[in-house]
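The same protein chain appears twice below, in two forms, each given on its own as structure tokens and labelled structure 1 and structure 2.
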Structure 1
Amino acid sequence: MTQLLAPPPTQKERQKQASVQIEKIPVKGYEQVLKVTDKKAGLTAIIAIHDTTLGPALGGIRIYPYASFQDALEDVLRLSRGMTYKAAVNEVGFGGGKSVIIADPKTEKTPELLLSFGTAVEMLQGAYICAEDVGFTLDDARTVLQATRYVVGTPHAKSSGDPAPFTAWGTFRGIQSAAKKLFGSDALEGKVVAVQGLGSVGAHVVDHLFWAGAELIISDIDTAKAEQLAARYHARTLPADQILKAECDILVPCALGGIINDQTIPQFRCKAIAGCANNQLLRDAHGNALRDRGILYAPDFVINAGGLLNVAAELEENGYNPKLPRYKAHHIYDTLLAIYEIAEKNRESTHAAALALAEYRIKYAIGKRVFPPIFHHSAE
């Protein structure tokens, strides 16, 4: 006997059936902070829309087993605000948002949970556009797409694909900007550059540095990977607990956040820090401490925007063209040089100068999106 399969529910039907609850959490300085729950699907999540002056909020979904709801709230507030600044300073044409799902991505991530979260995103009608982040994979994005069109980075004909090469190119240009500021020339020939973390972005950065003629010191907790790249690029390796203390011209953090802190600052033996890792300063004040030590710092949310620029390009009217994010990532160099100059004139840290520049652009709506984003996956 043939059994006829029922067609999958449409987005509208799913919304009607959904048991998603959305509750507003008032937070000063944020446009919308929403607690999203669905008992049936085992979902507890928070969506934070920090600022949409320049465009809809764009930011990743982080799935992480936070110890408490308060921890998750603090993280999503910090991350969504960071997205606003990253997008504003690099004229991405989007606002800042982020979401967190409180769950262990290894054991608690089910299709029901992802679909329920996607339903909540759909209910916001495009105010928040979600993307990949820690604990959330491309396959998960494909699942979420069944519940909402407001998702980027899913595989399709006009998809932006892997952001890492774009982040790496922006980071390399940021390293060049540091060299220009320090030595009056962006040539890296013979300059000693130490790279922490040889993952998706770090390995690409090392490749660019090699071809630019830098003397490389590299490190990864995966020592086999470090040895393999060291052989390919004739680099020196250092153990993971030594790399931040390496004597070098430019230190390039491409692994973890919080690596610029009270313990590490006195130990640095570099002239500049310019890497892609997110949230490198443990606290804002550590930007001042670096300045006091005479170490030039390329603010992380400026130098690492290549991946965001790439994914945003997927929503252009004519679909994704890699030349646009390549061009914009290339100009991270100029943005950073401007930030170094503003910081010097105002006698403040480069981190403070970058924040002020982002706030200025938001205040005067510089780089505000003119055309609405187009979701090409829904046209397929």
Structure 2
Amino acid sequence: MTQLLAPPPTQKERQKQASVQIEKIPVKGYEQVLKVTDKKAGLTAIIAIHDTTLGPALGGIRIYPYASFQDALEDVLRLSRGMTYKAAVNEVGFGGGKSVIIADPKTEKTPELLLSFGTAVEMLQGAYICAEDVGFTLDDARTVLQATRYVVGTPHAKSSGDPAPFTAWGTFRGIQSAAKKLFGSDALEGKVVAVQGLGSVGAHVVDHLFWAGAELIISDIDTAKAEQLAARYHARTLPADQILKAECDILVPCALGGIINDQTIPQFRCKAIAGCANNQLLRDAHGNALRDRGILYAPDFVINAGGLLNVAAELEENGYNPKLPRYKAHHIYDTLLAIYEIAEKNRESTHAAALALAEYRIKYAIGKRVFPPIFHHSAE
């Protein structure tokens, strides 16, 4: 096996690195939390590496106009922790990491900003591998690839491309698992399913649900997009501030996190929550609150792992083969059914059961990476 070594930086790269400032932020329980700034490029970002027991940290870049640096820090800490558990449960041989860039992706995202961030990732020499997330597109990944090889999910021929279809398929299988647990059958014909968020993943999920025969209620802050998809799938629309209160069999959150909280839990009129949004629980204790209300919850870091499974596959020794992540995403269904049973047996929330499973695998190094990731797109 050939380990690809990074060439020494060119003079231009050294100059770029000199403008990038990295400052450590001490956070208990995290291996590294780094503030990244570049005044020339207008960059303020945070890279959080939570745990690398099972392998290098792998997680997306989120570009979002946070109201404050503290808001961004709290989000990236929660996201990176979730990535640790997501990787552990699904045994992909990676640890948990995430990054956020504090910017409006519609007006403040520039090639200079992306290249500067890519330079910071390169300076970490593989401790953190980045990928697509909210506000960060495949074209953005192509730009970052110019500054670092430590990026996956690019449009490159040797890469895995868009992870959204895999995330969506795993989410759909998770919805089926909820139906199986609730109704004794995973058939969705005639079941009322409410989908919040119609982005790159949510729209795919709606498509799968339509072909499975579900009765759809959909919502998005982009009302024009919601109306367009409603016409295509004969779905009913609700305003963004009403979708979480929809009377339905299964609620599918596919937008931002924190939607399960003290205010929303009493308003839910669903039998299950099974969606692809990260960090759906504002606090871990809200998993218990759902259990107390008799609402089945598919833990987010289990059901939404399809995208991680896909991008991780491109770093395998033999290169990317879509059949591997397809198989693993398909079996998210079985993992969730097992978690439901563990939770029921132990009289605990499904969230607690999933956390315990992840922590067990980390403690005993189950699924630990045995060879370094291979960046096939940098072998040319």
Ligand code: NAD
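The first residue in the sequence of structure 1 is number 1, and each one after it adds one. As the structure is a computational prediction, the values presented were derived from the model and not from experiment. Definition used throughout: the rigid core is the maximal C-alpha set that superposes within 1.5 Å between two forms.
Here, the chain labelled structure 1 is taken from the form predicted together with the named molecule.
When two forms of a protein are overlaid on their rigid core, residues whose CA moves 2 Å or more are considered shifted, and Gln146 is one of them between the two structures. Once the rigid core is overlaid between the two structures, Lys35 counts among the residues whose Cα shifts by 2 Å or more. Relative to the superposed core, Phe69 undergoes a C-alpha shift of no less than 2 Å between the two structures. Lined up on the core, Ala120 has its CA atom moved by 5.7 Å between the two structures.
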